[in-house]
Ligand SMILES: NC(=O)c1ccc[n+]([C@@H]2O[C@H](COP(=O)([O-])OP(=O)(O)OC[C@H]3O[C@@H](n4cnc5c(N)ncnc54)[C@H](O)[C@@H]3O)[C@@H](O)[C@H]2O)c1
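A lone chain, given as structure tokens: the form predicted alone.
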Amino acid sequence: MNVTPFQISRRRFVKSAAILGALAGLPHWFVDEGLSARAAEPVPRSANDKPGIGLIGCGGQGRGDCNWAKNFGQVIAVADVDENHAQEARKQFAAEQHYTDFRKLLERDDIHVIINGTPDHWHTLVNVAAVRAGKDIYTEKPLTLTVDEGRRLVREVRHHQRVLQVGSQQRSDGRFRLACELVRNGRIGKLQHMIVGLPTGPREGPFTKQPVPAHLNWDYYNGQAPDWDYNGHNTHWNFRWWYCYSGGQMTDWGAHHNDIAQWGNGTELSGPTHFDGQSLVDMIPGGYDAAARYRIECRYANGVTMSLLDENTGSDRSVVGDRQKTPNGVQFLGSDGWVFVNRGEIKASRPEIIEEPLPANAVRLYKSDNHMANFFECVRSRKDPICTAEIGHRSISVAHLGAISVRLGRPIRWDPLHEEILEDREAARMIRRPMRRPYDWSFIA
């Protein structure tokens, strides 16, 4: 089923880019560029111009995304396997209907855009089904549960010519774009090393079986994961601490910061060739099993190395903090200086690295000041959004491969061109996982 792209008019931002830039702590020259460009934001011109929006996954993150998206369209229907979440979302967005099976929502011709806020292990099946139904998608990160899922999804998006925006919203934050542009233009000399600091995950348990709440379809929620008991700590927010559903902070925050590291290194469509990971603490039997503390050392074909560390693990190469802990953010270390960036600040080894304007012939990166607005504008124009399926797939592949190395406790070699683990059959099998029936690929056939 093909959906004709709706038409969206354009208007200028109401708030001053200069004010927003000052609040963000960006240099004046960078703010002035944004002010002169006056990036336009798409909004509906009339009721007929509003795309129909369907929300799948009505937890806090999904509803937050949908609350953002409703500025650009009309929420028609919502879906969730938790009846309470579905009803709450239907009321919040004044939607016409709620479903407990997302496939029914996808059958509606009046829905053009899907907001996917499901748990990680459902992202790919929902996204592939939506693509096949002719929908454009704004999907939460991490994009996939496995590397193999990412390869499949990229193929589907290309084949069906859909617009898919991964919710890696840091790409639409001027601080991160500026940091990557500075690195790409040699402001810190030759890039040598990157340090990605991620939150430390929880280490809790053991947990025991509990009665399944009447409003939750536990079998459907569990989906492709192995059949196991509900324990009150393996749904909703806490799903991310279980490896069968996610990968802990390594995939949760890692999807954000790995993306920025790859962007600054110019490898957002590739990835490292070597991973050497280790878990730094034993997880509690019967409790959360996604690694909570870890160290992963990576190397790229261009010679750049990268450390992925939880915040309670220090690095003797760190340029920020006391080296006993790694701050949440991305550090770029070069032959002539360094740049550090996170959601609160950007700073460098010398003020002029940031304060001196880039020359007219400098490498400039995709500019977006509003991640959701960028998505809806691309739905209208049919251009690529700032974080495509392939970019999201490549950045989360870094985390997936790091997690494989950590779980095996040994280095692995990766071929980013053919997307294969080399000379290690056990590791190579782990880029995909068995899917419990009926929640396998046949579920959306």
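Residue numbers run from 1 along the displayed sequence. Nothing here was measured: the structure is a model prediction, and the numbers come from that model.
One more form of this protein exists, namely the form predicted together with the named molecule; it is left out here, but the text below deals with it.
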Using a 4.5 Å cut on heavy atoms, which of H257, H85, R171, K135 is close to the named molecule in the predicted complex?
-> H85
Looking at G329, G117, G247, P272, which is the one with a non-hydrogen atom within 4.5 Å of the named molecule in the predicted complex?
-> G117
Interface membership of K325, the named molecule in the predicted complex, 4.5 Å heavy atom rule | no
Mark Q61 yes when one of its heavy atoms lies within 4.5 Å of a heavy atom of the named molecule in the predicted complex, and no otherwise.
-> yes
May I ask you to state whether Y221 is within 4.5 Å of the named molecule in the predicted complex, using heavy atom distances?
-> yes
Consider E268 of the chain shown here, and say whether it contacts the named molecule in the predicted complex, taking contact as heavy atoms within 4.5 Å.
-> no
Among 203-211, 307-315, 135-143, 289-297, the region lying within 4.5 Å of the named molecule in the predicted complex by heavy atom distance = 135-143
If you look in the predicted complex, which residues in 70-88 sit within 4.5 Å of the named molecule (heavy atoms)?
-> A79, D80, V81, D82, H85
